[in-house]
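A lone chain, given as structure tokens: the form predicted on its own.
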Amino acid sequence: MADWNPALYTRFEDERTRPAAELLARVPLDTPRLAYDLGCGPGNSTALIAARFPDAEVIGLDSSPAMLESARARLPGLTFAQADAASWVPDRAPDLIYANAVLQWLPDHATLLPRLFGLLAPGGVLAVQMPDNLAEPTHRLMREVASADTWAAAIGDPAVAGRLGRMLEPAGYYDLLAPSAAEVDVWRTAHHHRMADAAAIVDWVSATGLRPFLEPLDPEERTGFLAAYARAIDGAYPCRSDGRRLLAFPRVFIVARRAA
């Protein structure tokens, strides 16, 4: 895919950072020496890690040059490097691998998560948060609009673009990690984000889940797709009593600690 757009991503930074903070609050570490923020994006999650663990070496990793540039501008005192989470191997075993809203983009979780867990130092923690919203109207409607004849040839299989089949049930992640972990904490929750209108919901997903649907389209096709999708979103998320829309956003959280 084309590079990410940090400005569009950070338009909803408060909402995106809320689950990152909740994940970090459940990390059972006191004084880690080395922490990696895997898929650090523009550095909002990296800043949380550095604030909680001021004596740790905190390194942000991302595959996007644009996101890394934004993160370095935000946190010039920290180290950021380009890396692919699917194949990354650290030079030293870290005490914390923190992956907020990144692993859902990658396939084969049955291999990926145990591999990342195995990279930890003794007593280290793997902390993961992944959006689990592929059945929500935002993502179901992406696939429905993409299946229309107007865009189907350019986009291809909507299930592939929509990353269907990549996520496991929460219990599946527990079963992956529990045999080799000292403890595993898994939970699923849904935030209900207060959005100004349907257009704001479209803007939100345009920075993330909608990207694989838009990128194969030429400018005219993209305009038509977004208009059709916006109409569908307007019908799926009715106005609440204050005129706003509520965007339900389920997420899966995993915190697994290695034996000391």
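Residue numbers here begin at 1 and follow the sequence given. Keep in mind that what you see is a predicted model, and the values were worked out from it rather than measured.
Keep in mind that the form predicted in complex with another copy of the chain is not shown, yet the notes after this line are about it.
Exercise. Go through 188 to 196, 42 to 50, 65 to 73, 27 to 35 and give me the stretch that gets within 4.5 Å of another copy of the chain in the predicted bound form, heavy atoms only.
Key: Looking at the other structure, the answer is 188 to 196.
Exercise. Just give me the single entry in 165, 77, 179, 118 that has a non-hydrogen atom within 4.5 angstroms of another copy of the chain in the predicted bound form.
Key: Here the answer is residue option 179.
Quiz item: Do residue 171 and another copy of the chain come within 4.5 Å of each other in the predicted bound form, heavy atoms counted?
Solution: Looking in the predicted bound form, residue contacts with another copy of the chain include residue 171, since a heavy atom lies within 4.5 Å.
Quiz item: Taking 4.5 angstroms as the cut-off for heavy atoms, does residue 22 touch another copy of the chain in the predicted bound form?
Solution: It does: once another copy of the chain is placed as it appears in the predicted bound form, residue 22 has a heavy atom within 4.5 Å of it.
Quiz item: Is residue 246 one of the residues lying within 4.5 Å of another copy of the chain in the predicted bound form, judged by heavy atom distances?
Solution: Because a heavy atom of residue 246 falls inside 4.5 Å of another copy of the chain in the predicted bound form, the answer is yes.
Practice problem: May I ask you to check whether residue 175 falls inside a 4.5 Å heavy atom distance of another copy of the chain in the predicted bound form? | Solution: Residue-level check for residue 175: yes, a contact with another copy of the chain.
Exercise. Within 4.5 Å of another copy of the chain in the predicted bound form, which residues of 229 to 257 have a heavy atom? Give them in sequence order, or say none.
Key: Heavy-atom contacts within 4.5 Å come from 240, 241, 242, 244, 246.
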